[in-house]
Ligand SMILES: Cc1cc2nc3c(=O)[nH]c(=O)nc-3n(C[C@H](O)[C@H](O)[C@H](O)COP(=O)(O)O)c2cc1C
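Shown here is one chain on its own, the form predicted alone, set out as structure tokens.
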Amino acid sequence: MKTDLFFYTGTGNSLWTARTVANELGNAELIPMLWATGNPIQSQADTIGIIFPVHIWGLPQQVITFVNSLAIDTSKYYFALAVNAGQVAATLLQLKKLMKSRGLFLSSGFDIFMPSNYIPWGGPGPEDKRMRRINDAKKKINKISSMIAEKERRPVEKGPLWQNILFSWFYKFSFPYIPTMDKSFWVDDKCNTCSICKKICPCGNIDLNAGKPIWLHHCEQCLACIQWCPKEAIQYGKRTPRYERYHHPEVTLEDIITISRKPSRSGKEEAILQNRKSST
């Protein structure tokens, strides 16, 4: 069985998840959604994984764009892993509905509980608690990988009914405003004009003015810029200066920069090879 794992990541939780799945399944390629080109997007694999973070209790725009560009092939087995900080809500139901509207069937979808990277609401919590979440996620991925290998069809995982209703409403209300939510970002005097924020933004939403970041109002709220800033100079609102930053401990800045480059075919193959090595 050959598997293509298409993933979207900002602070590394989803990249780590994709690597862990690849290590469990074997014969799997990690492909950033940013690199998925062509209209429609084709894959030679017989199994396709869609791995992504939950944004405001729903699908990020990057994932919606990717799914809407997938070639329609009903012979493939599709599964999804929704990475979240404890409230997957109806995200996987939303994905299943979106895929169904295009003639695709999501055979299984799983909730992967990881440390929070949504710093506007606080830091990631104590390190021991973060590591327990990561270790528990690894155990779950080990368990569900056998289901994926057997191409099992299972109901997608979801939150309780009240959460699905309330948070789905909040997602639908908020979604049109997400691109301009970057107006709450600002940079303090610790900025050393390294330009890392611009290099890692997955949607090209950051430009530089005198070497310092400015946001261009097509944000996706992945928070890569604030979490990876080496000087912790990027802030969001009034509270983040006192909050601890977070990115997955097994993901490096070089990984994120590589993913954000949208390389040529040869560069893409080399980076995929490196990701394979990192997953072993």
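This is a predicted model, so every value here is computed, not measured. The first residue of the sequence shown is number 1, and the count goes up from there.
From this point on, the text means the form predicted in complex with the ligand, which you will not see here.
Participant: Of the residues 54, 234, 50, 30, which one places a heavy atom within 4.5 Å of the ligand in the predicted complex?
Facilitator: In short, 54.
Participant: Between the options 229, 34, 223, 70, which residue brings a heavy atom to within 4.5 Å of the ligand in the predicted complex?
Facilitator: Looking at the other structure, the residue within range turns out to be 223.
Participant: For the chain seen here without its partner, which of 22 to 30, 38 to 46, 54 to 62, 210 to 218 has a heavy atom within 4.5 Å of the ligand in the predicted complex?
Facilitator: Of the options given, it is 54 to 62.
Participant: So in the predicted complex, does residue 116 come within 4.5 Å of the ligand, heavy atom to heavy atom?
Facilitator: Close contact exists here: in the predicted complex, residue 116 approaches the ligand to within 4.5 Å, heavy atoms only.
Participant: Quick one: does residue 155 come within 4.5 Å of the ligand in the predicted complex, counting heavy atoms only?
Facilitator: Judged by the heavy-atom cut-off of 4.5 Å, residue 155 is well away from the ligand in the predicted complex.
Participant: Determine whether any heavy atom of residue 86 comes within 4.5 Å of a heavy atom of the ligand in the predicted complex, and answer yes or no.
Facilitator: Because a heavy atom of residue 86 falls inside 4.5 Å of the ligand in the predicted complex, the answer is yes.
Participant: Using 4.5 Å between non-hydrogen atoms, is residue 6 touching the ligand in the predicted complex?
Facilitator: Heavy-atom contact with the ligand at 4.5 Å: absent for residue 6.
Participant: Using a 4.5 Å cut-off on heavy atoms, what residues in 11 to 38 are near the ligand in the predicted complex?
Facilitator: The stretch touches the partner through 11, 12, 13, 14.
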